[in-house]
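A single chain, nothing else alongside it, follows as structure tokens in the form predicted alone.
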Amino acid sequence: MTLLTALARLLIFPGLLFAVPAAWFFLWVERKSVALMQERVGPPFMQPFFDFIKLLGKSTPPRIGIAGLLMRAWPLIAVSAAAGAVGLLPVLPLSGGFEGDLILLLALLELPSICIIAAGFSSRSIFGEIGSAREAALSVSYNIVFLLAIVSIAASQHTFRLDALASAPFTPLHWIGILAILVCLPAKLHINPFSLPNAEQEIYAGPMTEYAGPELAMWELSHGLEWVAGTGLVATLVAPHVGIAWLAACIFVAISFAVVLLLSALAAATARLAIDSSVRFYWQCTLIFAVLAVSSALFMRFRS
């Protein structure tokens, strides 16, 4: 990957120029879809953008000392990590990449969750600390499934390079891994039935309780970019390999949009699970997925 290609992917497509408007659009689609399924009107089309601008114009609580500096830093780190994860996605043909970029993608996808956990504890708010504790417990649970799914897909193709995985032929282990990733996305995106860390009826806004103004705007943007990165990862693994740039981009956007609708339908159709039920669910999924992955690997080996 050349420097020019890397900058184009990070800043233009699928990077910031595409990802930021897509983040607001996906947030609106999720909120609007849930509202319509629950027979409500829902927000207007531009509402996530208006919310972002409104928060930028508000003042933030005074921050002093190292804790205040850290509270300002966490949302910026989360936005940077989510934007970097989107920029790594191999959407366009011959967009380049490097050996092991899948590992970097996984690290960047995990950073926003780590920042949320740290932000709640840095705030010294009881509601923030409870939300962070829930986020930490849930993160450990679903990340086992998430990482096992990604590693299984990579192992089946004998590569940790993203563009090679995106263009690789589909195998049973590939589809099982994609299904496992889809199971983990609701928890990673904090939507029902795994919206425990920010349960407004119980702990206000969880780790975000002490945030306001531009800092909260950055958290909202980070959340939107996580939507783009998470659904985009599924899209790059599912989309057929095509050599036409505009068609590849259209397929990527269409599949990402379909995943947003699927997750929105799940959020509208389910209620919030308790933390013990959520953790138990993902531990059970880990066992089931491990058995399926091993069985699929043995099947592929004997078949070959």
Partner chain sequence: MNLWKRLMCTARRRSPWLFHMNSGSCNGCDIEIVAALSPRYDAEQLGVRLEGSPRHADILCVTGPVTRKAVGAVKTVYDQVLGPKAVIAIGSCPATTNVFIDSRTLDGPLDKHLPVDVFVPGCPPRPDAIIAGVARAAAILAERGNNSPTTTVAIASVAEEAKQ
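Residue numbers count along the first chain shown, from 1. Please read all numbers here as calculations on a predicted model, not as lab measurements.
Beyond the structure shown, there is the form predicted in complex with its partner chain, which is absent from this document and is the topic of what follows.
T209 is the sole member of Q157, S167, S80, T209 with a non-hydrogen atom lying within 4.5 angstroms of its partner chain in the predicted complex.
Contact check for G68: no non-hydrogen atom falls within 4.5 Å of its partner chain in the predicted complex.
Residue contact check for L247: none of its heavy atoms lie within 4.5 Å of its partner chain in the predicted complex. Within this chain, G57 lines the site of its partner chain in the predicted complex, having a heavy atom no more than 4.5 Å away. Looking at V242, you'd find every heavy atom of it more than 4.5 angstroms from its partner chain in the predicted complex. The stretch among 158 to 166, 225 to 233, 212 to 220, 116 to 124 whose residues place heavy atoms within 4.5 Å of its partner chain in the predicted complex is 212 to 220. Residues from 137 to 163 do not approach its partner chain in the predicted complex: none has a non-hydrogen atom within 4.5 Å of it.
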